[in-house]
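What follows is one chain in structure tokens, specifically the form predicted on its own.
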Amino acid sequence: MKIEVLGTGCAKCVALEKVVKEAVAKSGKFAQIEKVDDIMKIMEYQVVSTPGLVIDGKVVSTGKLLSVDEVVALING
């Protein structure tokens, strides 16, 4: 599983990355977590509001800071 956190470094983007790491640990699953801060790569996902969350190439959230439990639900999806 590959999880990407899309964001240019805003507070919510940094916080979402921490939430994702906690959620992966809580879920017990193995996942590669990547922080994407290149605006061109973010635009490739057609995300206009950060932070964005991408799981296995699919955008699952944009523009909001999710809770650990919300991210766990998306991981287990």
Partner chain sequence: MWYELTKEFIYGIVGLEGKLADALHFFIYDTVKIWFLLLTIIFAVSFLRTWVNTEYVRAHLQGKSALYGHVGASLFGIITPFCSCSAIPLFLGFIQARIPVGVTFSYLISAPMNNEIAIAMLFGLFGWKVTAIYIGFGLMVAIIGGYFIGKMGAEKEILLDVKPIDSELEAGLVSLTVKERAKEAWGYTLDIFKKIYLYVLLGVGVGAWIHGYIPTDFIARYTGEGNPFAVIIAVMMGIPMYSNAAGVMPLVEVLTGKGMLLGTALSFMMAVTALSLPEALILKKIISIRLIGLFFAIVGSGIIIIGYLFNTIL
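None of the values given here were measured: they were computed from a predicted structure. Numbering follows the first chain given and starts at 1.
Beyond what is shown, the protein has a form predicted together with its partner chain; the following relates to that form.
Using a 4.5 angstroms limit between non-hydrogen atoms, K18 is distant from its partner chain in the predicted complex.
Under a 4.5 angstroms non-hydrogen atom cutoff, its partner chain in the predicted complex lacks I33 among its neighbouring residues. Taking the partner from the other structure, its partner chain in the predicted complex has a heavy atom within 4.5 Å of a heavy atom of T8. If you check its partner chain in the predicted complex, you find a heavy atom from every one of M40, M43 and S49 within 4.5 Å. Residues from 51-67 that approach its partner chain in the predicted complex with a non-hydrogen atom closer than or equal to 4.5 Å are T62, K64, in the order they occur in the chain.
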